[in-house]
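Before any questions on binding or motion, here is one chain by itself as structure tokens, the form predicted alone.
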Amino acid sequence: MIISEIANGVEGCFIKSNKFKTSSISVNMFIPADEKSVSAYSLLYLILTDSTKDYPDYTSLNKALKNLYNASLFFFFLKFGDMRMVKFGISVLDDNFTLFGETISNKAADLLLCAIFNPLMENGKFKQEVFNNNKRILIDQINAQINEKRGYAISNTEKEMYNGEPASVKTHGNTESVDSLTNEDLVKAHEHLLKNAFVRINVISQNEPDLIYERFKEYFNSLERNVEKKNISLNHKTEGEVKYLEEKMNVTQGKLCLGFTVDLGEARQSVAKAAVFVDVFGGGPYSKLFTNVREKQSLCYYCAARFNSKKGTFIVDSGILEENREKAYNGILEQLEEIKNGNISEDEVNSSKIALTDTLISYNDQTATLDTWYALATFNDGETIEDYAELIKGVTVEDVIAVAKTVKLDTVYFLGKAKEDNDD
């Protein structure tokens, strides 16, 4: 992996690999989040991936991709601590494998630049029909989130736990903030994103990315940018009493989520220690929650822990029968106490370390997972997959116990069945 400065607040990350016959180019833009801006960037992301000035419809865009040996575009929009990450990417046949020796990676970069910098506009605004259509799509997507109850419960737990922090804002904001957006708002959001986001350009290829970087350098140097590379996400700290939130809905299975904080130091080793602890606690089939709360006690349909290293938190989410709510709650906390008290074996920790490192190394097998990992590692000081895997391998039983002792319960969320009119 080689990190290069391309322009102000724009860096390139070149991952040289001979394993693939395709090259991948992705532009990963990191921007602070709040309710209004998140909705604006979500809508902007949909519009930018819908059409461009040079390719105003699906037919013309698809033709351009076919002319690049059936290249494919990929896009993501996700929460990144207290920021959002907007990803625009293209996967294309590596230049070494073209039929006539063409250099098509540069053309692929141009298509990507067109999508980001040259959207389909009319009279200085986005084409109104495109704006209106994508606004409806985004509102429908937000409304549909309630149908996936597990994700809905986790999202509401985060909203309550991070109350007052940017991370509390749901991934796409809410329908009210989307509905209030105007075409002019989107034009301003587009300009703000290009000028103020920190940008990481990942290139996975057999060939040096110099010509690709030059294309992006030209575009970004044409803007007035004064952007510092800084991860603005702050570790969440528990303050005062545990927060409780309960909702009732037409569900057949209760959802119990417990949000915890865990102390993280500045060093990446502390993140690795916390990652192993969370995995031992509620990761794979070797974990405390799986073997005890789910299997031995049969208190839930699933029970797993999700680590958020950007915020120094983790959430245990479970699907339960409502009558098992108190038992499941106590069972989860009992397993945490088991680790705090040192009731954990070398085998349990080793099983976790093997699972985590195997997963990490497997990211090298696909350009998509490789690109995603290095995008999410943007603020980790040039750390490679192999570097982080070595940190995981170095975690001890004593480390896991020490991390567990810093854990504090922050938020409890329960989604239960609504009482019907004819219920007693």
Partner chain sequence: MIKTYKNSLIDEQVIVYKHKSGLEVYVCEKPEFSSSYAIFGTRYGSIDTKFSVGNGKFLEVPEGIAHYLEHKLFESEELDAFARFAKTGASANAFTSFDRTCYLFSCSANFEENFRILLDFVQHPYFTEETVQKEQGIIGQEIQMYDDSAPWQVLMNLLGALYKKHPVRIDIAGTVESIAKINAGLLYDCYNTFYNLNNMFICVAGNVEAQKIFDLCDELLITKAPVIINRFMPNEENKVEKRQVEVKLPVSKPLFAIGFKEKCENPQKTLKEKVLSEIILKSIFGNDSPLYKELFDSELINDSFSAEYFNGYSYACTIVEGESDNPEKVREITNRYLSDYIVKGIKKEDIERAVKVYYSEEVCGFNSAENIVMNMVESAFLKTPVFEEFDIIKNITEVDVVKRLKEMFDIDNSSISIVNK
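Positions refer to the first chain, counted from 1. We call the rigid core whatever largest set of C-alpha positions still superposes within 1.5 Å between the two forms. Being a predicted model, the structure only gives us computed values, none of them experimental.
As for the form predicted together with the partner chain, it is not shown, yet the points below apply to it.
Asks: Counting non-hydrogen atoms within 4.5 angstroms of the partner chain in the predicted complex, say which of Glu122, Glu247, Glu218, Glu102 makes the cut.
Replies: Of the listed residues, the single hit is Glu102.
Asks: Can you work out which of Glu208, Glu184, Glu148, Glu334 has a heavy atom no more than 4.5 Å from the partner chain in the predicted complex?
Replies: By the 4.5 Å criterion, the partner-contacting residue is Glu148.
Asks: At 4.5 Å between heavy atoms, is Asn364 in contact with the partner chain in the predicted complex?
Replies: Asn364: contacts the partner chain in the predicted complex.
Asks: According to a 4.5 angstroms non-hydrogen atom cut-off, is Tyr69 in contact with the partner chain in the predicted complex?
Replies: Contact check for Tyr69: yes, within 4.5 Å of the partner chain in the predicted complex.
Asks: Determine whether any heavy atom of Asn62 comes within 4.5 Å of a heavy atom of the partner chain in the predicted complex, and answer yes or no.
Replies: Judged by the heavy-atom cut-off of 4.5 Å, Asn62 is in contact with the partner chain in the predicted complex.
Asks: Since only the chain is shown here, I'm wondering whether Leu113 would be in contact with the partner chain in the predicted complex (any heavy atom pair within 4.5 Å).
Replies: Judged by the heavy-atom cut-off of 4.5 Å, Leu113 is well away from the partner chain in the predicted complex.
Asks: Please name which of the stretches 193 to 201, 140 to 148, 334 to 342, 161 to 169 has residues with heavy atoms lying within 4.5 Å of the partner chain in the predicted complex.
Replies: Heavy atoms within 4.5 Å of the partner chain in the predicted complex occur in 140 to 148.
Asks: For the three residues Phe117, Gln269 and Ala328, verify that every one has a non-hydrogen atom within 4.5 Å of the partner chain in the predicted complex; reply yes or no.
Replies: No, none of Phe117, Gln269 and Ala328 comes within 4.5 Å of the partner chain in the predicted complex.
Asks: With the partner left out here, which residues of 254 to 275 have a non-hydrogen atom within 4.5 Å of the partner chain in the predicted complex?
Replies: The one in contact is Lys255.
Asks: Does Tyr363 move appreciably between the shown form and the other one, meaning a CA displacement of 2 Å or more on the superposed rigid core?
Replies: No, the C-alpha moves less than 2 Å.
Asks: Quick one: once the rigid core is lined up, does Asn62 have its C-alpha move by 2 Å or more between the shown form and the other one?
Replies: Indeed, Asn62 is displaced by 2 Å or more.
Asks: How about Ser155 - superposed on the rigid core, does its CA move between the shown form and the other one by 2 Å or more?
Replies: Moves: no, less than 2 Å.
Asks: Out of closer and farther, which fits the Cα atoms of Gln141 and Leu65 in the predicted complex compared with this form, where the change is 3 Å or more?
Replies: Distance between the C-alphas of Gln141 and Leu65: shorter in the predicted complex, by 3 Å or more.
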